Ligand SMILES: Cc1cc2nc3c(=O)[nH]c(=O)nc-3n(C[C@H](O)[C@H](O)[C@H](O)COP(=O)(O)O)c2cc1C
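First comes one chain, alone, set out as structure tokens in the form predicted alone.
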Amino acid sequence: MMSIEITAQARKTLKLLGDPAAPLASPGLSRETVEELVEAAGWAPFHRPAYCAREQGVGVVEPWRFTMLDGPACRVLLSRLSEIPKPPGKIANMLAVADALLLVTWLPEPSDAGKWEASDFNMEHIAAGAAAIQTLLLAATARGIGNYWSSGGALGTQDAFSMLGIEESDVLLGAVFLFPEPPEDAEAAPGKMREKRSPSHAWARWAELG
């Protein structure tokens, strides 16, 4: 088992782009494997219970939710993207070859404005959801599973939420694609920022209090 430091360094963006007209026939990862990764993600820290549990006494305390799709479900979703008005872009190419997809949403605090606000509670919920995603990515990397954290594009729309049974009040934080070994006919696009990283001393400092 790799140490957490080695795993973090080994983790890198793997974006596979297949042909939507000729999607991969592979069944993808087993549901058991995906559920193990999600269980690992569930150990991420969170500071505040979700509003539904804290104030209403319903639902679970975690401020995040995971909607899981296996390989076959990715292909079904690909075939139904035409029902979503927003152009799918490269989301369609990734769904064509993905072994699994996890849509990670977070639960904002209720707001009279009708849209979530940058309150302390909400910022903590977002941070917790991001920690859960990173934990998932590290768990996938430790198992040798290629992964990509996408903003989600068309998958974050209410049309997609309705299709996938996601609550209207949720907000998409990330669409995590899990990929197989790159097929010969799939394009592998690396992350844009990996080679642009700065050394830690460029963005971390010791506080000098005198």
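Because the structure is predicted, anything quoted here is derived from the model rather than measured. One-based numbering along the sequence shown.
There is another form of the same protein, the form predicted in complex with the named molecule; it is not shown, and what comes next is about it.
Among Y148, F161, F66, Y51, the residue placing a heavy atom within 4.5 Å of the named molecule in the model of the complex is Y148. Of the listed positions (A21, A25, M193, A202), a single one reaches within 4.5 angstroms of the named molecule by any non-hydrogen atom in the model of the complex, namely M193. Only one of 163-171, 31-39, 150-158, 54-62 lies within 4.5 Å of the named molecule in the model of the complex by heavy atoms, and it is 150-158.
Of all the residues from 62-86, none has a non-hydrogen atom no more than 4.5 Å from the named molecule in the model of the complex.
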